[in-house]
Each structure stands twice: as structure tokens, then as C-alpha cells.
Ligand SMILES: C[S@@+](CC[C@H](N)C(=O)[O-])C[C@H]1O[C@@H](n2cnc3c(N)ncnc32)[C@H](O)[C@@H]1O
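Below you will find one chain, with nothing else, as C-alpha cells; this is the form predicted alone, and questions on how it binds or moves follow later.
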């Protein structure tokens, strides 16, 4: 059931009078945006990147990002993935690894697109609790792990899963998921598998010579991946009402990423 179902709508409605967007300077960086929530009779500030605090409050994530700010990235990235798979004549059913899974919005879209087995992974235990609370049974397994230093049991689980698709939505480019973590995740996707992700459009500009932006360019240049499709779209609006544009990308993994290709975040 989609996150717009009656129960989720009810949880979001609980925040209608208890969550507000302040008037902020238009020059405020995207990764410094914040909102205020009313708890115990007092307004409390939460940064948008305080994901643990947001996930711990049922319905707040959806109300804030999808209700107030109109985020559309899970649908747009998975729709692009669906198109590539369809045009490539691939069977509808597939397995997926959802990196930076959060409370399961991308996993929900993947299930709608035909994913029969989904493993979620996030560095925050609050994300796992939220996914299990809001979307029980969606993930075959949900791992809480730091993929820059994956433990043996995480490596074993992901090796066994052998996901045909790796998704990473709204988690790249701001340091939430370092290049090393993404590199380690891609290792578990067999050659021929698909990588689906999105990133703020300017982060793919060649002026950005660090982090994930440079890693993507190197993978394409050295034919480690083949770009299958990409689209520019409105990710959401900012707190001061301006459209934030991202690029959704789907690529085929052609070879393993050489460790020498890694760059500093």
C-alpha cells in the first residue's frame, strides 16, 4: 500500500498544525534547511538532515517532505528504472538493494515496480524502526550498517542477496553516503545489474571534482558503467519556495569499480 493510504494520511494530518516552515534567507544552503515542530507546548527546531529525530515521529517525514515540499524523487527514479527494464525486455520480477532506505518510500515504489525481494540498508537505527513501523514486511531484510566499514555479517547478507538493482535516492552529494559506501554497495551488484540513483543537477557539473560527482564521471569515462537513461526533474521545493532540480540516472554495471577510482568526499 502506498504512503498515501488512509493510515499514513492520518499520521501526516497530525502534523498539519504542529510543523511549520520558517521564512529563511534564500541564500541558505539546502543542507542547512530546517523546520519547527510543536511539542509539549513549545516550538522546536529540526534540521532537515536530522533524519533520526524526524523518523522517530510517525508521519513527520511524509508531511514535511512530501506534503509541504512536494518531493517526487522516489517515484521519478523508480519510474525511470521501470522504463529501462521494460525497454530492455527484462522480466518484471527482480531483486533490489535499497541504499539509504530511510522509512521505506523507495522500497514501496520498488515493490510496485515488481521487486520481489528487497534488502534495505541505512546507517540510522531510527530509519529501520520507522520502516518496520510504517511499512511492515516490505523488506526481506533491513540492515543498519556503515558501508564504509561493513561488518562480516553485512557482507555475508549482501553477498547472498545478489541484488539485480541498486537504488540510492536523495542520499548522494551532501555527504550522507560517502563514495566509499556507494563503492562497497555496487560491489554486491552482479555485472549486468542496474544502478538507479539521483543527484542534485549541479553536482554532475564538471566543476565539481570531488566526491560522488567525480566518481560517476570516472565510472562512465572508463566504461565501468553504461548510462541507459537520465532525466532532469523537480525534486522538491526549497523552504523559500524555489524549485530544486535533480537528475535521475539509470546505468548498467559493466565491470567492477577499481578501488583506485575512489575520490575523497
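Worth saying up front: this structure is predicted, and the values here are computed from it rather than measured. Positions refer to the first chain, counted from 1.
What comes next is about the form predicted in complex with this ligand, which is not displayed.
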- Task: Establish, in the predicted complex, whether 97, 120 and 164 all lie within 4.5 Å of this ligand, using non-hydrogen atoms for the distance.
- Result: no
- Query: Is the gap between residue 185 and this ligand in the predicted complex 4.5 Å or less for some heavy atom pair?
  - Reply: no
- Is residue 55 close enough to this ligand in the predicted complex to count, meaning some heavy atom within 4.5 Å? yes
- Would residue 61 count as touching this ligand in the predicted complex under a 4.5 Å heavy atom rule? yes
- Query: Any of the heavy atoms of residue 124 lying within 4.5 Å of this ligand in the predicted complex?
  - Reply: yes
- Query: Counting only non-hydrogen atoms, which stretch in 87-95, 155-163, 101-109, 188-196 is within 4.5 Å of this ligand in the predicted complex?
  - Reply: 101-109
- Item | Contact assignment for this ligand in the predicted complex, among 115, 169, 131, 78, heavy atom within 4.5 Å | 169
- Task: Taking this ligand as it sits in the predicted complex, which residues of 41-80 have a non-hydrogen atom within 4.5 Å of it? Please list them.
- Result: 51, 55, 61, 66, 74
